[in-house]
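A single chain, nothing else alongside it, follows as structure tokens in the form predicted on its own.
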Amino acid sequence: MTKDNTDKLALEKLNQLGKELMDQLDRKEAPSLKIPSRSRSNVEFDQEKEIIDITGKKSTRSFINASHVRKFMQTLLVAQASEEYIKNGRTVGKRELYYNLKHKLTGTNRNTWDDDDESSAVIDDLEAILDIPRSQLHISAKSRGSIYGDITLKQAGDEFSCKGLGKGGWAIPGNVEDVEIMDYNAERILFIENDAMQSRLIEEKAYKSLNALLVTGEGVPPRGVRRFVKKLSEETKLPVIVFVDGDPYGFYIHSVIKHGSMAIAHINDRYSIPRAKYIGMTMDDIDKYELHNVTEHLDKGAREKLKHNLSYEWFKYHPEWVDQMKKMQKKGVRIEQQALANKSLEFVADTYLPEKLENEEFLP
């Protein structure tokens, strides 16, 4: 979907929201908003779509309810501002929106917001009400992560290549709705957990040898990166291969990329990539590549994270994931991507990844 189309859709949804409220007033009803519940009890794993989704439960926010009126006002304030941002071609960060809309309410000593936690929660509510991501409302997500490889992109009228950028990549912005793919030469997208490993692969010219676009979200990828890779995979039809640490956090990152997160269950279909595959690291790699002397012990936090992972139905959906995490529990260790440097600095690019790709040694 092009930027013009996403803007048009957002404006249509905002206008529809306003029309519904006006219709309520015409019927002499108290204006109210229906908001999909984002509580943990309302989140489920949709096996058919293979994403974390929300059920049909909704809460009501009414203008005449004393406990709702403030948030009702805040919701409409953000909706009105979003319409102006879209029409004026402006994009704001969450913190900018907080200050842009903060003012004293007429006839009171109260501000529109007490802190930016309030405005952030209302942005999430508006996303759920309209069923579109905040980026389409011209409210940008956190900017973190980059892409390197043989691909030419265009944004804001500028066309540029994502290779030949030294040891870094093009910084992926928080709002990627207007990013256009002009040309590319690659067979896959390699989604890498950390920027240090991406830098290693850039230095080894792995984007050429692996014929891959190298993307990192620098840990748990922020929305902008996830949305960008989703768009990239849909428009190019390239497979997404996830390369993370062999620990509970690595499996969680892969889960977020593949199935989405509970925090944005209401719009996971815009971010999740169900066909993404996991290339490593795995517990089996420890034996196969003789990495026993470079494992790390699972600390208390990692063990707790492992238990949480195993309790989620979307983890149980994949026996291969469960098998690896059970082995992790039994061994009491984890293995980092950088541990491959124990073999040699070029080992990950010259041996580990090529072997796994050639033999298609993937987990779902």
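All residue numbers refer to positions in the sequence shown, first residue = 1. Predicted, not measured: the structure shown is a model, and the values here were computed from it.
One more form of this protein, predicted in complex with another copy of the chain, exists but is not displayed; see below.
Would you check, heavy atoms only and a 4.5 Å threshold, whether residue 155 touches another copy of the chain in the predicted bound form? Answer yes; at least one heavy atom of residue 155 falls within 4.5 Å of another copy of the chain in the predicted bound form.
Contact with another copy of the chain in the predicted bound form for residue 199, defined as at least one heavy atom pair within 4.5 Å: yes or no? Yes, residue 199 lies within 4.5 Å of another copy of the chain in the predicted bound form.
Another copy of the chain contact at residue 170 in the predicted bound form, heavy atom, 4.5 Å: Yes, residue 170 sits close enough to another copy of the chain in the predicted bound form that at least one of its heavy atoms falls within 4.5 Å.
Can you work out whether residue 150 and another copy of the chain are in contact in the predicted bound form, taking contact to mean some heavy atom pair no more than 4.5 Å apart? Heavy-atom contact with another copy of the chain at 4.5 Å: absent for residue 150.
Within 4.5 Å, heavy atoms only, which of 95, 208, 288, 275 is in contact with another copy of the chain in the predicted bound form? Of the candidates 95, 208, 288, 275, 95 is the one lying within 4.5 Å of another copy of the chain in the predicted bound form.
Given that another copy of the chain is left out here, which of 294, 238, 279, 264 has a heavy atom within 4.5 Å of it in the predicted bound form? Only one listed residue qualifies here, and that residue is 294.
Could you tell me which of 254-262, 98-106, 70-78, 122-130 sits within 4.5 Å of another copy of the chain in the predicted bound form, going by non-hydrogen atoms? Stretch 98-106 is the one.
When another copy of the chain is placed as it is in the predicted bound form, are 144, 160 and 345 each within 4.5 Å of it, taking any non-hydrogen atom of the residue? Yes, each of 144, 160 and 345 comes within 4.5 Å of another copy of the chain in the predicted bound form.
Taking another copy of the chain as it sits in the predicted bound form, which residues of 305-339 have a non-hydrogen atom within 4.5 Å of it? Please list them. Counting only heavy atoms within 4.5 Å of another copy of the chain in the predicted bound form, the contacting residues of 305-339 are 334, 336, 338, 339.
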